[in-house]
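One chain comes next, on its own, written as structure tokens: the form predicted on its own.
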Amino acid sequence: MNAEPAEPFREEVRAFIAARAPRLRHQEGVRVPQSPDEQREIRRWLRELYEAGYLGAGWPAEWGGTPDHHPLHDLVLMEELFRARAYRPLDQVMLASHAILAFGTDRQKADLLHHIRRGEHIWCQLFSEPDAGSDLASLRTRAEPKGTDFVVTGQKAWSTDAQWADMGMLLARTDPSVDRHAGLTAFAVPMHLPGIEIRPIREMTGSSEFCEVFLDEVRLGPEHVLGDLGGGWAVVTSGLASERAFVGANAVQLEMMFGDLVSLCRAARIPDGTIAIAHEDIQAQLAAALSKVEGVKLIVRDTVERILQNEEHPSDGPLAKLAYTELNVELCELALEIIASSISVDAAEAEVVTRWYENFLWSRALTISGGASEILRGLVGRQLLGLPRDS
């Protein structure tokens, strides 16, 4: 990976984050603002990232992009946001931006992209359903034609940030006579429309990142259709693929988690009164964890290099995501074992202990969101190993 165009940009981004990022405590997995003041700060931060040319730089110039944008800069930005533990842009907004640029009409681009760049539109995804999680093609939400409009009825589940989203990207069935993917259409939905009810789901993290969304005869006009009628599957899958450029930032998070693991072992005292890291078995566990972190970093680096060279294999994203999320769970479980076997932890590292509890509660969700591990293993088996679908 060519580091030359990245390092001056990295220093610039670090300085910008240090000067402008909201002073919010970031709990891993929690992106919903906890107060109106926090929401205003987050929207201000997103707007300034766009205005500074750090977000949306890869867009076409006529819609606010930077002509000399280097794709490596997207990775650098996300890495530095991770390192600073700063509020990161929502995946749902980046997905929506990509879908609008790729499939939107000029009118939709003019109307919608401007609001994203100003932090005025937070987006959510209205994809998954109670009986159609990873298998989106089996969804039941209907968008029935009524003259030139559509009337939408159905239920969506696990819609992240829906309770404060201004817009939603909806996938609904417009033609029940054709098979699965062919009859789906994507819509850009204002979340304030009559007939939309949002119910946050309280999670074991204590927060409510996910929501149920009920659509009761919600009326949408032709201006809300994103892409071709019946072409929703192409819109959604193209948008999901746009998130792949940020997969490399996950390696930075694993590095930071390993650093927290070492800090924990230096601060935790076991029943004999000594610190955990003084014991050979703990040292061996740390060494094994570090070797796995370095292994995943190699997988991620290889994936990022192919992405930047436009040589990506279909299995690269699923493999990198699978490796990262499964190791994330393993590191969290090791940390909690150390905490549970300790009689005390140095008070100076109380924040590290808190982060481990929070990371543990969120770690399982990461193995589901963006593609469940079971689904990803199947994709890797078929796309990389050539295994038959029914094996």
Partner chain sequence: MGVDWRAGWPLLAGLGVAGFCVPKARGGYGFEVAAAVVASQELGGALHGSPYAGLIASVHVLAGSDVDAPAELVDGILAGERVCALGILNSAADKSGGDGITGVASLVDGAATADALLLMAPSSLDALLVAEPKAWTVDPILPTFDVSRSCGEVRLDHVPALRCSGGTSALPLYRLLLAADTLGGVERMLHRTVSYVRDRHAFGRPIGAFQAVQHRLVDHAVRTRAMSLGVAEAARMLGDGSPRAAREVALAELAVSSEATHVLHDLVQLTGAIGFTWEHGLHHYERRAHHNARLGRNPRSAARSLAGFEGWLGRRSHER
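Numbering follows the first chain given and starts at 1. What you see is a predicted model; the values in this text were computed from it and never measured.
What comes next is about the form predicted together with the partner chain, which does not appear here.
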(message) Can you work out whether residue 258 and the partner chain are in contact in the predicted complex, taking contact to mean some heavy atom pair no more than 4.5 Å apart?
(response) yes
(request) Would you check, heavy atoms only and a 4.5 Å threshold, whether residue 8 touches the partner chain in the predicted complex? (result) no
(message) Can you tell me if residue 287 lies within 4.5 angstroms of the partner chain in the predicted complex, counting non-hydrogen atoms only?
(response) yes
(request) Answer yes if any heavy atom of residue 322 is within 4.5 Å of a heavy atom of the partner chain in the predicted complex; otherwise answer no. (result) yes
(request) Sort through 148, 177, 309, 291 and report the residue having a heavy atom within 4.5 Å of the partner chain in the predicted complex. (result) 291
(request) Find the only residue in 25, 20, 377, 14 having a heavy atom within 4.5 Å of the partner chain in the predicted complex. (result) 377
(message) Can you tell me which of 181-189, 291-299, 107-115, 158-166 lies within 4.5 Å of the partner chain in the predicted complex, counting heavy atoms only?
(response) 291-299
(request) Taking the partner chain as it sits in the predicted complex, which residues of 270-286 have a non-hydrogen atom within 4.5 Å of it? Please list them. (result) 277, 280, 283, 284, 286
